[in-house]
Ligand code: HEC
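Single chain ahead, by itself, as structure tokens, in the form predicted on its own.
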Amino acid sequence: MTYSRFFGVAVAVVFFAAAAFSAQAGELVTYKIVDETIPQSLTGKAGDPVKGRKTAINRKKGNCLGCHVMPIPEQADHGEVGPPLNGVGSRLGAAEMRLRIVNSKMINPDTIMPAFYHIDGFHRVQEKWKGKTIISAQDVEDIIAYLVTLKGK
């Protein structure tokens, strides 16, 4: 490996490590919205679908079941306010899902879906949540990794 290639790889590793640390420390990772998507991973690394499933059904984190029917047979109560997530991996790509999870109001300002990775523009925020996201950048990527596995109708 040449010095310049090594240096480029080292800079990329430091950048993504800093981005992950910033998200955990309470600072948002910078992302770019392109045509109703966020094309780049928030963390620079792949999500874990097993962790994503756990986060999606965790009532204190993702709580997707609060509004969506999902292929989660061990949970009895599924919401019906949002569209079913069965087969979502066949309908949406990861970049489309990322924007919907980060801040779905960018697509539909009237949606009741929470902005899970956003901190600005809210009213009457409980003190303990001011300046904090509902889930971390890695949680977003883990949930996406799970949702893209949900193929079919």
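Predicted model only: the values in this text are computed from it and were never measured. So that there is no doubt, residue numbering starts at 1 and follows the sequence shown.
Quick note: we don't show the form predicted in complex with ligand HEC, though the next part is all about it.
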Flag this candidate site as yes only if Gly62, Gly82 and Asn108 all have a heavy atom within 4.5 Å of ligand HEC in the model of the complex; otherwise mark no.
yes
Does Leu42 make contact with ligand HEC in the model of the complex, using a 4.5 Å heavy atom cut-off?
no
Please check if Arg53 has a heavy atom lying within 4.5 Å of any heavy atom of ligand HEC in the model of the complex.
no
Does the 4.5 Å heavy atom contact test between Val34 and ligand HEC in the model of the complex come out positive?
no
Report yes if any heavy atom of His118 sits within 4.5 Å of a heavy atom of ligand HEC in the model of the complex; otherwise report no.
no
Within 4.5 Å, heavy atoms only, which of Ala95, Met113, Leu28, Val69 is in contact with ligand HEC in the model of the complex?
Met113
